[in-house]
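There is one chain below, alone, in structure tokens, taken in the form predicted alone.
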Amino acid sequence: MISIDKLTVKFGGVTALDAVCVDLHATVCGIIGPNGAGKTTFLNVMSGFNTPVEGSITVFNQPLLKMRPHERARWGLRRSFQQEQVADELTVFENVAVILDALRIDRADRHAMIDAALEFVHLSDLRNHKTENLSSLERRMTEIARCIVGQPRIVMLDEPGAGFSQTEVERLRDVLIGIYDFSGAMTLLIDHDVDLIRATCVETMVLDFGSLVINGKTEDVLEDERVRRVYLGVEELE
């Protein structure tokens, strides 16, 4: 479980997160809201890139904000970004392998973990290909493999479905749904694709201007009149 209490982030005179209090329990949790709502800022605080002026985050009974960013990574916090971060000059295998460099894992176990992650995202046949030669979806899947290798505890994905066709989103959806069964990790998913959120997320929280609007079962949240009218558009959900 992730427990957030009075989480507040300010950038000058702008309040990016305003005393957010929420408990997240589900294996896959959606985070939605309009642009500038504070969604990425929330992930940045989780990652250690932004420091709150107030508040706390407890993850599986661990005080997250007391850990340094590299300690969070070793503990099992993983994330992707809106702009994918794979290294073009490395192969798919090497891109995933670098995530394990900071962990004390012997060579045989490392290879087994990487092979399993690549098989899960359907990239085994491309393991020795440099990522510069891959499609956008294959590059994104490489990132997801990086997030799930080596027994993560929390996987955070920032708009992984952006720019993909319906067929590609369906492939992505199937992978997202399977992350918990594969790795045991809780997933936090930001995306503007309502259908993807609906299909993958057990619960969803909505942010607006840094404040929590609602959190609950995804179907209930997406049917909430405030969400339908202000954030998603009624027509989009009908």
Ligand SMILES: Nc1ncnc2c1ncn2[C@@H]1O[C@H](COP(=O)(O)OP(=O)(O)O)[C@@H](O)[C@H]1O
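The numbering used is simple: start at 1 and walk along the sequence shown. Model, not experiment: these values are computed from the prediction.
The form predicted in complex with the named molecule is left out here; the points below concern that form.
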{"item": "Interface membership of residue 37, the named molecule in the predicted bound form, 4.5 Å heavy atom rule", "value": "yes"}
{"item": "Contact flag, residue 14 vs the named molecule in the predicted bound form, heavy atom cut 4.5 Å", "value": "yes"}
{"item": "The named molecule contact in the predicted bound form: residue 27, any heavy atom under 4.5 Å", "value": "no"}
{"item": "The named molecule contact in the predicted bound form: residue 47, any heavy atom under 4.5 Å", "value": "no"}
{"item": "Stretch from 170-178, 193-201, 27-35, 57-65 whose residues place a heavy atom within 4.5 Å of the named molecule in the predicted bound form", "value": "27-35"}
